[in-house]
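Only one chain is shown below, in structure tokens, and it's the form predicted on its own.
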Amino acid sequence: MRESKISSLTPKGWLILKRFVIFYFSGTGNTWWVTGKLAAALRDRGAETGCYSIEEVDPGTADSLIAQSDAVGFGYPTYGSDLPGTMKAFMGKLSDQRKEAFLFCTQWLWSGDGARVGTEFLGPGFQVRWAEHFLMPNNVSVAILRLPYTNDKGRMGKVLKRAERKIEKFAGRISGGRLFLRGFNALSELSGYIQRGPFRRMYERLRDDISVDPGRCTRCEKCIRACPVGNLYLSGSVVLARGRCILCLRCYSFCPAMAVEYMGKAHDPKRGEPYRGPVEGFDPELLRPAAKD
């Protein structure tokens, strides 16, 4: 990582970057939580900061918001040390404005260069000055992998407190004009590629691994409304998949009947509910899809 002063400060040290806009994608709530905390921390430092889910704003509107801002941020979860397909598509449709930018990703263990890889999808006019990784609770609760996770909000407290301290530092670096780039080195890039290379090769096959058990399904259509890419649809009395999943796990995590299957396996209720965000309040049904993969 690198940290040094940049031109965000006047010769007297006064902050000249006073208006920020953040665009984010969040599958099950982790990046939503980090974005909210980061926006609040920047506002506490006197910066006007707006944050928008990429499902609520189209690229044209985003271009206008960026044009009115001094710097722009992009936040996303990492999947195989890569960006969600929706975030790639959103970034690729933005006009190439000359703006300072910051990238941040949420991860469970280690992504290597999860923030840096976002630069591959931004136009060269965006000058990335800040990048950070935030460790969050594991949201991969699919039965077939059996990874350790918890949906107990109390047990997540320590992880969230550590993340919040890191968010405060990151906000201080941005508002203070101190360049900081986590994962922008050869070792981190190699570590990221070790995960990302196989993931990208398998991605298209993995997109068709979601299904719905008609015996458990109540046809409430919550999964259909929550999906950010319109992968699920009701055919008669059965919910079917189009094979264009982006692996955000919303449908699996938020199905009230736990009827959604991943690789042919439904959630095991003995493990408790699937992961449904680090705190109460994240509701994917309130996000209005605007950016389709």
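All residue numbers are counted from 1 along the displayed sequence. Bear in mind that the values here come from a model prediction, so they are computed numbers and not experimental data.
What comes next is about the form predicted in complex with a small molecule, which is not displayed.
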item: Residues Gly114, Gly183 and Tyr193 all lining the small molecule in the model of the complex, heavy atom within 4.5 Å; value: no
item: Close approach of Met136 to the small molecule in the model of the complex, 4.5 Å, heavy atom; value: yes
item: Partner proximity in the model of the complex: Pro228 to the small molecule, non-hydrogen atom cutoff 4.5 Å; value: no
item: Contact flag, Gly80 vs the small molecule in the model of the complex, heavy atom cut 4.5 Å; value: yes
item: Heavy atom of Ser188 within 4.5 Å of the small molecule in the model of the complex; value: no
item: Single option in Val140, Val212, Val72, Met91 placed near the small molecule in the model of the complex, where near means a heavy atom within 4.5 Å; value: Val140
item: Partner-proximal stretch of 214-222, 162-170, 95-103, 72-80 relative to the small molecule in the model of the complex, 4.5 angstroms, heavy atom; value: 72-80
